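Consider the single chain below, provided in structure tokens and representing the form predicted on its own.
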Amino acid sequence: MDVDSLLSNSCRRDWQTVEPAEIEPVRFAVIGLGWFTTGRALPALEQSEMCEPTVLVSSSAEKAERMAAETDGAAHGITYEEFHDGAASEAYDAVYIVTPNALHLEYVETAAALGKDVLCEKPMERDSERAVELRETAVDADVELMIAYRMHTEPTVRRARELVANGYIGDPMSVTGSMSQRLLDRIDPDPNQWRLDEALAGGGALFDIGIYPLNTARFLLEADPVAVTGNVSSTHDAFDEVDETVAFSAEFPQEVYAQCYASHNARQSSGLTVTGTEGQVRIEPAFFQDRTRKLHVSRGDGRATIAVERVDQMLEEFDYFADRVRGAESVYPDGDHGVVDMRAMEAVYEAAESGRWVSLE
């Protein structure tokens, strides 16, 4: 394949099927106004030509109204209770759910009852049973459901996927992926935050950031794991309910193996490598969206490193969702896709307790 041609236009939106000027923007009710929403999601929605953040939803009426007044395009600030009662439902077409994991289902149920499409943050829920219920709720109401795996629209990952799919590295043999950060230092110092509450989060480092190498491995290989094994550990008192660190292996069809690592108490770092019979493709850094990514490719004696122009990953994700909702192409990654990760991650916990491989088939 012509690698130079592929990489010369590395940020192209190869997924785009509609032009912004030809569609009505998708109007979002944004549910949950934490740091990620205010710092990442709302700025992207304000910038988008395909989406608008018309309704903001929070536990606090004062916060919701204040944020609505400060956000371009937002016309309403309402509480969670008002959302469930159907307030301002005429002002939005879809919901973006950014609440703690264990609360996703209830907001999908309300959105489905109102006939609104759903973009739901990952992981889908706190456990696979609730994730399945969430998926079926959307199916029964005939509303679109997309799980917010932003790596699927990250240009560097998409170019790596093309290299793998077109045989540049030969037959894939292994994937190695990692993501780590010091949660209490960089994200939230509160030891009582919801990410450390098993009832709200469902899991710790695995659910929060281990899902990145797991899901991106699935995306790059275009395959789902058939078995997993792993170990979890916690050294900090704040992590007494959930895992602080996880290391796991996933077996894919044709005896391809992924080795993954995630930690909430290690230096910020991320990377992903796919090694094949003929070559290798590596993304570093891989997952943190405020970093400039480099794509390293090698085959035989040839080596190349390409710095890919940084994009707003949230903008790409929102516009992709709008493209699928307004266009003819199917929404993906969908609920079925999200449930696979939930079951795989639960199997990692089972394997950590048993010390054995756990089959997913």
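Residue positions are given as counts along the sequence shown, with the first one as 1. Computed from a prediction, not measured in an experiment: that's the story for all the values here.
There is another form of the same protein, the form predicted in complex with a further copy of the same chain; it is not shown, and what comes next is about it.
Only one of 269, 289, 166, 193 lies close to a further copy of the same chain in the model of the complex, with a heavy atom inside 4.5 Å, and it is 269. The contact residue chosen from 78, 151, 232, 211 relative to a further copy of the same chain in the model of the complex is 232, the criterion being a non-hydrogen atom within 4.5 angstroms. This chain is displayed without a further copy of the same chain, yet in the model of the complex the stretch 278-286 from 100-108, 114-122, 278-286, 131-139 comes within 4.5 Å of it by heavy atoms. The closest heavy atom approach of residue 354 to a further copy of the same chain in the model of the complex falls within 4.5 Å. a further copy of the same chain is not shown here, and in the model of the complex it never comes within 4.5 Å of any heavy atom of residue 60. In the model of the complex, a further copy of the same chain lies farther than 4.5 Å from every heavy atom of residue 66. The closest non-hydrogen atom of residue 247 lies within 4.5 Å of a further copy of the same chain in the model of the complex. For the partner-free chain shown, nothing in 68-105 comes within 4.5 angstroms of a further copy of the same chain in the model of the complex, judged by any non-hydrogen atom.
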